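A lone chain, given as structure tokens: the form predicted on its own.
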Amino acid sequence: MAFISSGYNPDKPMEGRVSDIGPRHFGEYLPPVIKENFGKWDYHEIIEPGILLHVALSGDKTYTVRAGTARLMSVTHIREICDIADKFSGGYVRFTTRNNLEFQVETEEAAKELKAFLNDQKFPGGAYKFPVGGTGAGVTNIVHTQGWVHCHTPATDASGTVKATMDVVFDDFTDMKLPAPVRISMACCLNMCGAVHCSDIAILGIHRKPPLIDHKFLDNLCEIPLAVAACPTGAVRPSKVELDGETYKTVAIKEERCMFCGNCYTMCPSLPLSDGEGDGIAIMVGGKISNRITKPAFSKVVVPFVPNEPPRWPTLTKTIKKILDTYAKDANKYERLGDWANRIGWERFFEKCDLPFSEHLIDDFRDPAYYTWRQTTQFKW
């Protein structure tokens, strides 16, 4: 039977089509000054912490007020942000890649007025709603992944560790008194849906135990071939066990092959990975994406394990504060944290930051990409 279409013309497939598939063009949401000078900017400078000036080749100027905010927000909070944008910046607001808010205004006076207003907005407990800062030689807003609130394979919490850490480094967020910018990032497991491996300081949740196996229910809840196929290292294989006189189809795990990724749990809820004793945090330092002065670098593990200590994570925050304060005191101007550690030597870094060192922290990873993919603006020799 022939297909009869109601008005569809295959020769003109887009004719008369009304669709909301796909995003709107970003140009619709640009402030007029940005749209008119798109790609034609001359320079920018930081007026004071949290306020930037951008000057176009045409001579047009725009002042940006940057404020830190949470990654996870309520609808009420977002509406409050929109109300602020309507009042001060013509209804325009943008989020940076590090979850900062940026409002753009026309004059320096308007920018300072907006900064004062944002700093006055507080939660009932006294915490800042929209603290202004995160520019220049200071700590930027801490990006993080989903943690216990939204993910099924985290080794630690995301929002909690970030809030606790930001509380102890908050002065470095609102000021620009560090030698260079410091990027702090957080990922709640080694899968790193938030890539923290190129950050000045990285908080990384780690699992240390292989998945538990619920033998009695596994065959009823899971497709065993899928659970086996999901393991990237071949650590999971089909098996049978006898419990209480009954034989159950299940899986076995070769523990020395397990890399604690949780992929098997994604396919099979009878293989939970989270464990109160085995889960915790590793701290990495020295990474960066910038090509400035030195080439981009991966972070290095400096603290292999910190236990989960909610709600304030005192061991984690004390260690990060120690590293940051030592860097601020000892580094040269414009020197990123990893560049400082390389200059003084990593052995001295551990001494100055009062961190224990073991042979497990020696970075001996090499593969062909290390030699063939070194594409930077730095000279090669």
Partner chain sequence: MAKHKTPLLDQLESGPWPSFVSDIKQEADARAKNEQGLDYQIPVDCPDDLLGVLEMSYTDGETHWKHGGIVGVFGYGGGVIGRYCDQPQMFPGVAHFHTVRVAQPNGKWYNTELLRNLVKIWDLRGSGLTNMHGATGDIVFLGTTTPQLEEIFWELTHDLEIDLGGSGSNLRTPATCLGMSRCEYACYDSQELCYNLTQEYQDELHRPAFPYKFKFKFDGCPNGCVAAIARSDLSFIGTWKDEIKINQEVVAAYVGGEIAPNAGAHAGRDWGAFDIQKEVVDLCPSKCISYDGKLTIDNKECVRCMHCINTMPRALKIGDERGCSILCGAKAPILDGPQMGSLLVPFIEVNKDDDYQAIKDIVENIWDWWMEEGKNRERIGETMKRLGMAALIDAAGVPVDARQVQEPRHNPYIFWKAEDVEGGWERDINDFRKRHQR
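Think of the rigid core as the biggest set of C-alphas that the two forms share within 1.5 Å after superposition. Treat the numbers as computed from the prediction; the structure is a model and nothing was measured. Residue numbers count along the first chain shown, from 1.
Below, we refer to the form predicted together with the partner chain, which is not included among the displayed structures.
Only one of 301, 192, 105, 213 comes within 4.5 Å of the partner chain in the predicted bound form by heavy atoms, so just point that one out. Contact with the partner chain in the predicted bound form is made by 192 alone.
Out of 88, 265, 117, 248, which one falls within 4.5 Å of the partner chain in the predicted bound form, going by heavy atoms? Only one option qualifies, and that one is 265.
Flag this candidate site as yes only if 305, 323 and 343 all have a heavy atom within 4.5 Å of the partner chain in the predicted bound form; otherwise mark no. No residue of the spot touches the partner chain in the predicted bound form.
Though only this chain appears here, would residue 360 touch the partner chain in the predicted bound form if you measure heavy atom gaps against 4.5 Å? Judged by the heavy-atom cut-off of 4.5 Å, residue 360 is well away from the partner chain in the predicted bound form.
Is residue 349 part of the interface with the partner chain in the predicted bound form - any heavy atom within 4.5 Å? Output for residue 349 is no: heavy atoms all beyond 4.5 Å of the partner chain.
Contact test in the predicted bound form: residue 79 vs the partner chain, heavy atoms, 4.5 Å: Contact with the partner chain, yes.
Proximity of residue 11 to the partner chain in the predicted bound form, heavy atoms at 4.5 Å: Output for residue 11 is no: heavy atoms all beyond 4.5 Å of the partner chain.
Choose from 234-242, 105-113, 283-291, 249-257 the stretch whose residues reach within 4.5 Å of the partner chain in the predicted bound form, heavy atoms counted. Single hit among the candidates: 283-291.
Residues within stretch 106-124 having a non-hydrogen atom within 4.5 Å of the partner chain in the predicted bound form: Only 123 sits within 4.5 Å of the partner.
I want to check residue 270: does it shift between the shown form and the other one by 2 Å or more at the Cα, with the core superposed? Yes; that C-alpha moves by at least 2 Å between the shown form and the other one.
By the 2 angstroms cut-off, has the C-alpha of residue 234 moved between the shown form and the other one once the rigid core is superposed? Yes; that C-alpha moves by at least 2 Å between the shown form and the other one.
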